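Shown here is one chain on its own, the form predicted on its own, set out as structure tokens.
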């Protein structure tokens, strides 16, 4: 009787495990392996793929047209620096208990929750030649610029949107970390005559290094995968193309499925490396 119950239980467990395993195979692992194969081929999406070896990867790594799209990602990494600094010091400034804190956190995270189409529409108007930003510049006596037409300004302008969009998310992350620090540490530091900057340097930052590192890695990963804002605002034109935009254009507009597959594999490898670094950091944090 016990053997029968054990066998029935085993069948029951495997039956429930079968569906997610099949789902992973069909929608994750098989497509990934298929994509790896296509990355070594010349394929238009119709007919039989032509094997061409590493030619797609060679072109990606040597053609200035495609190297520039990775350079565009650097702007999103650069703007992450002031974004993280602002979010951190804002979290430090309001760390503590006061009325309306939850409401304040909710207001700050609203930009992160907004749809990309809404954000793009807002900043198309904001950066328009006769838009809000140029009007503000004129009020203080500065000359307006063609932010979305000038090749030197368009990428920094679009990348700067990330500061407004993501600082609320980083703020909540930092604030959550700061609130886990025992208040006794700050009280002892105050009794010893420590100034606020010394508290930040010797107490706050060392205590939330883990969260700081995660936010940095998320910013790097996000900058490689950026898509919706530059795509909706510029459709990748005027030198604003990013790797994910190039994947979309190559696969669906130019019918270069093999090339798009190679680029997607490169993006995938970069993201995996970043996530792996985060995992290693997590394990070291657990050990310490």
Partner chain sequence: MNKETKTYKVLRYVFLIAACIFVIIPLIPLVFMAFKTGAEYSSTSVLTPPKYWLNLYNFAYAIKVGKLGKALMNTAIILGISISIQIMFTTMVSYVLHRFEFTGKKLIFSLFMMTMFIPIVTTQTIVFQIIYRMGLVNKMLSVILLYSGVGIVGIYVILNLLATIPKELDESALMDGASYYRIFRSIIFPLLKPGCTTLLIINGIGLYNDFYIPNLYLRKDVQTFTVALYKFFGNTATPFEIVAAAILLGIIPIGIVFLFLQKHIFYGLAGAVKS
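Positions refer to the first chain, counted from 1. Note that the coordinates shown come from a computational prediction; the quantities given were computed from them, not determined experimentally. Only the largest set of C-alpha atoms that superpose within 1.5 Å between the two forms is called the rigid core.
Absent from the display: the form predicted together with the partner chain. The rest refers to it.
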item: In the model of the complex, the residue from 220, 251, 241, 60 that sits within 4.5 Å of the partner chain by heavy atoms; value: 251
item: Any non-hydrogen atom of residue 38 within 4.5 angstroms of the partner chain in the model of the complex; value: yes
item: Contact of residue 78 with the partner chain in the model of the complex (heavy atom, 4.5 Å); value: no
item: Contact label in the model of the complex: residue 151 to the partner chain, heavy atom within 4.5 Å; value: no
item: Proximity of residue 65 to the partner chain in the model of the complex, heavy atoms at 4.5 Å; value: no
item: Contact set, 215 to 244 vs the partner chain in the model of the complex - heavy atom within 4.5 angstroms; value: 225, 227, 228, 231, 232, 244
item: Large Cα shift (2 Å or above) at residue 104 between the shown form and the other one, core-fitted; value: yes
item: Per-residue C-alpha change between the shown form and the other one, residue 198, threshold 2 Å, rigid core fit; value: yes
item: C-alpha of residue 17 moved at least 2 Å between the shown form and the other one on rigid core; value: yes
